[in-house]
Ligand code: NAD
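Next up is one chain by itself, shown in structure tokens, the form predicted on its own.
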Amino acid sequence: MEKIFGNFIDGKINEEGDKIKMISPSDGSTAGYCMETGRDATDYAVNSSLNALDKISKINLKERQKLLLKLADIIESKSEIYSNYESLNTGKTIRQSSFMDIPLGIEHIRYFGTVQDFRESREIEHPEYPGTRGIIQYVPMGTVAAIAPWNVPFLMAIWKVIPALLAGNSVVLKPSHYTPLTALELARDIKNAGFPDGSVNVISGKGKTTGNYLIENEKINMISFTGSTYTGKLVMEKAAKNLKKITLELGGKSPNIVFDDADIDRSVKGVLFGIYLNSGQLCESGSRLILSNKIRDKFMERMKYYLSNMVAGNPMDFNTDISAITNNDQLKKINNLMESGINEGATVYYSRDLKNKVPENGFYYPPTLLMDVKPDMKIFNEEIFGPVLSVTTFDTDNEAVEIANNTKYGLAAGIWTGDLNRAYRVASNILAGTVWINDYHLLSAAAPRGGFKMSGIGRELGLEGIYEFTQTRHLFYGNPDSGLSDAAYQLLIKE
């Protein structure tokens, strides 16, 4: 019997409503069914989270952190279950889920469970009014709608839910209908850790239905969205009707700049990791290689060598290196963009042969190196979200920066050089929220994550990511003995 993965609302599994078939991208098999959550069930989830706020407010900050640490221990004890769910849903290799995504998420929970720098209030002085006192409170937003994409569902759930809980909010999380399994498991374990029922409700469904129901609900005070820039604009437009606070983590077309003094072997590995991890299906994937002409031939040959040695197979096999594409619609988009690139004059330097090496009915695209990519090409400008590296060359530092910034996006970038002064100078001129220097894709829970330009608004992770889930309130304590108030009042009031 095929398994139904119901919503998790008010501490209970809820299977009311229509079902959506989930396809395992690894081999095309049916992974089970999740819910297509209707408006009534969405409203039920929102009301449940709204009712939980009073209970959450009675749990102080230190106690909330203790619950988060307990949650981390629970997930760690079930890490194999989480890893299998993550790879089953997404098609990413089981090795990535087991050794990167799930352990990283656990460590991020522990960061929020131990961070000491977040304060729920601070005192200020009023320089205009000596003797008075002010307190700035960081008040929870209330009930937050978190809408997550399909590419890294576990980490996205952690990044949205955990800092929101820490700040004292409740959350209704809508994972992608393609990949809801780890989010549903997380909600159950949040309950098991001791958070009140309704603190985190998880409802699956499509963006055009369930997502819109959440955004339109007037009881939602904030929306945290991760997805495409196109959809982010629609979310922003809909949220504006009720003046909801929003954070948007959107698309990217991130550059990796490799200078001629870089460590060739290390930078080759870093560039390959930057684009082919999760088959390029990461918002900050380094999909543009901006390569010094002086080392072009040597660098490209080295990349081809390592790429040809990547193991193709079923992603659920621990020996496999190459992830599947999570859904067929995305596979079609990759094919269309590649076709446009070839038609506009780009050339395929190397494409990994996957024939007879991957499951027949799975969704796969061969890791590809695309040369002669020019800034006016569609494939240079549009986010491909797939395992295709577009290569452009440069001669001077200024030219490299100009090419890197020649995009509407600004999520991330990488710089590879043996000269750290050059690295700092160049990095400081890159218009992106994260710039890695001689590394790529390494994420710290202590560092804010987000984009410039069309890559988003607001930040996730770090102290900045916690404070996004708060609003400020100023308490002004007057000083009757100072005489300042009496002087001000006399502008209107005479004895």
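Worth saying up front: this structure is predicted, and the values here are computed from it rather than measured. Each residue number is its position in the shown sequence, starting from 1.
Beyond what is shown, the protein has a form predicted together with nicotinamide-adenine-dinucleotide (NAD); the following relates to that form.
Student: Only one of 300-308, 133-141, 211-219, 95-103 has heavy atoms within 4.5 Å of nicotinamide-adenine-dinucleotide (NAD) in the predicted complex; I'd like to know which.
Tutor: Single hit among the candidates: 211-219.
Student: From the list Asn256, Thr407, Ser176, Asn169, which entry has a heavy atom within 4.5 Å of nicotinamide-adenine-dinucleotide (NAD) in the predicted complex?
Tutor: Contact with nicotinamide-adenine-dinucleotide (NAD) in the predicted complex is made by Ser176 alone.
Student: If you check Lys78, Lys206, Arg119, Arg266 against nicotinamide-adenine-dinucleotide (NAD) in the predicted complex, which one has a heavy atom within 4.5 Å?
Tutor: Selected option: Lys206.
Student: Just to confirm, Pro366 within 4.5 Å of nicotinamide-adenine-dinucleotide (NAD) in the predicted complex by heavy atoms?
Tutor: Pro366: no, not in contact with nicotinamide-adenine-dinucleotide (NAD) in the predicted complex.
Student: Even though the partner isn't displayed, in the predicted complex is Tyr350 close enough to nicotinamide-adenine-dinucleotide (NAD), meaning a heavy atom within 4.5 Å?
Tutor: So Tyr350 does not count as contacting nicotinamide-adenine-dinucleotide (NAD).
Student: Could you tell me if Ser228 has a non-hydrogen atom within 4.5 Å of nicotinamide-adenine-dinucleotide (NAD) in the predicted complex?
Tutor: Judged by the heavy-atom cut-off of 4.5 Å, Ser228 is in contact with nicotinamide-adenine-dinucleotide (NAD) in the predicted complex.
Student: In the predicted complex, does Asn151 have a heavy atom within 4.5 Å of nicotinamide-adenine-dinucleotide (NAD)?
Tutor: Asn151 belongs to the contact set for nicotinamide-adenine-dinucleotide (NAD).
Student: Can you tell me which bits of 278-315 touch nicotinamide-adenine-dinucleotide (NAD) in the predicted complex, meaning any heavy atom within 4.5 Å?
Tutor: Sequence-ordered list has one entry, Cys283.
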